[in-house]
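Included below are structure tokens for two forms of one protein chain, each presented in isolation as structure 1 and structure 2.
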Structure 1
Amino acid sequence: MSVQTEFEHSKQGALSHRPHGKKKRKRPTLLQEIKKNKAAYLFLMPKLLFFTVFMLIPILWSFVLSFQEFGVFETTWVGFKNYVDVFESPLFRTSLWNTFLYTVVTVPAFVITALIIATMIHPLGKLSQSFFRSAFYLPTVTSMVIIAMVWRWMYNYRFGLFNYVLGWFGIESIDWLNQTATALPALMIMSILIPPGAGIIIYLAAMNNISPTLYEAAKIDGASPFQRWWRITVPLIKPTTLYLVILSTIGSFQVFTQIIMMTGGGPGNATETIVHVIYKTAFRDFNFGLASAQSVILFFIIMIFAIFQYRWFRTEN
């Protein structure tokens, strides 16, 4: 929406510069325009400088690097060799699969939990709303490093909380993070049980924007609370759902801190994820070309997922 108005805005801006009316003056040349707006460029310069050095050049360089073998003394052009290597590497394929599984399980859980909790908070008074909003968001402001440290302990074989609770039901202790079968599920459980604070806040704001008259009208028509939720709330907050799905997918594809703090990718390669592999390739093996190819692939995967999700949510209605 804002994009469109902006476009019009700029069109008008361009029009107003055009000479018209009785006094016909020459249209200012580009150089004159630039000179006239010297101050504007000066204000932009510091940002543009850092943006160019630490964002624009690195992005382009990353694509170039992915076709190169980066050495200490010389850098050679190797074409698609890095990409071939990436796809032939069983480690990368495993990490791709793990990241994909992790995303498929945790993203719906994130969005659905946020929706359910927001639905429960929404009918409450203003004070309760802000209380619960804060209570659910608070754990997410602390560093993932801290969260991962506690969770590693909760998964401890001998004195972790999880095995203790399992003991109530007579289930034998599980060595959560050190077994191939349970390590990745343990990380998924952790991600599901951490409250989706941001999602709840965003959903609540969207729900508060829905006009109450809609609900009243539905009530008069005899709709049950569930029907009102399913037929009014859920469809009207669909753009928010789309936003959350795309955002959490991007986040989930970049899962890293939990991995390095809790499992280091192991046991075996059971919890290797794409970013952890990129990290190891670049900063343990110093294979910059290969790491760049991996990150370019990650970029395309995220893009394809985002486009796919966008299409899917749009065409559904």
Structure 2
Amino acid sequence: MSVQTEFEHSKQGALSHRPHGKKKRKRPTLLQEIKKNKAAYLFLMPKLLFFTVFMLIPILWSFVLSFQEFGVFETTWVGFKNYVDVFESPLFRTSLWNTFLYTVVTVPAFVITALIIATMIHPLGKLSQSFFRSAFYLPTVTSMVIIAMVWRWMYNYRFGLFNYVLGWFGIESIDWLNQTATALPALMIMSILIPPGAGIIIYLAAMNNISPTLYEAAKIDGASPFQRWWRITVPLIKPTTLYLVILSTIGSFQVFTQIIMMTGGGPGNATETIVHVIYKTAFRDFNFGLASAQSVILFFIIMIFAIFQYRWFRTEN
């Protein structure tokens, strides 16, 4: 008997002995999972409680509040009136457009800058990588309030750094933060020029996990450094890119500190953003129902953007 015939007989014998009609194993219920891993859930309990009390309940309460006209002594159910008022508000539409522009400009700049800097640091030794990680991450721990105050001085009309440099070339000073044409671009420039420390560190961690044998094989095949980066590095760190794009998009849609510290939404609503409008509606006008409706709309906008980005990157992957 040949080896192939013997293999076919043994395969048929194995198939004939396979049990028929065997019931599928039932998946454990949630309660059984909790009992099985009760130690893990016990350690997670403080964080879950914190999340429930300070995140989940306020989100749900905000959703309920968006259908009410909230008052200290009386609350009235008004249905979708708050949502209609939001969409009819020119201020909200302006803030929505400004926030969208800010996101479209700053998110790609953040991700691309982090990727380029991480690519330049990646070939260095461990000691050099540690130095540059610290150097680029240091501004991240600085309060945005302090950074905004420094940039406000740099944009000052009379003695700011930017106008001082423009003066060298004979260009007249620009009132960066008090002109409708330059206020929003000035805020974008500030966000773009702040080093993306967190993004650099996350990209470096992803690049260091790529096997060096891939680069060696590509080098033997004659691939140039750019081809190795484009064909190996960029595709393999795509999940990291997705993570950074979604996180930075959420952060850009929630931009607030720069606005309130540098322009207050002006001039002429040129730098109004959604979160700043929500803040003024709730804590200046004390219209918590309308502010909740604005918050819910912002929540769904961010969710739609995140789903779109996730599906696009997943398809490409």
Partner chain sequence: MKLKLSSLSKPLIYMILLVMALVSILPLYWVFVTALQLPAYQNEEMERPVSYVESTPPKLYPVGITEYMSQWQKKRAALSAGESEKAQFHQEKMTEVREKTFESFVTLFERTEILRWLFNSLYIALLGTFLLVLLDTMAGYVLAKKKFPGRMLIFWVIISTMMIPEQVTLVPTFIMVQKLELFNTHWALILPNLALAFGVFLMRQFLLSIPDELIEAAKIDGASEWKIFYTIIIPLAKPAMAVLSIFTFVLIWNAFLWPIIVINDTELLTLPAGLKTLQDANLASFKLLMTGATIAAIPMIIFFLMFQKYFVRGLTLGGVKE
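All residue numbers here refer to structure 1's sequence, counted from 1. Heads up, when I say rigid core I mean the largest set of C-alphas that superpose within 1.5 Å between the two forms. The structure presented is a predicted model; accordingly, all values stated were derived computationally and were not measured.
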Identify which of the two structures, 1 or 2, is the form predicted alone.
2
Threshold 2 Å Cα movement between the two structures at Phe226, rigid core reference
no
So with the core overlaid, does the Cα of Phe54 end up 2 Å or more away between the two structures?
yes
Superposing on the rigid core, is the Cα displacement of Asn37 between the two structures 2 Å or more?
yes
Using a rigid core fit, what is the CA shift at Phe169 between the two structures, in angstrom?
3.2
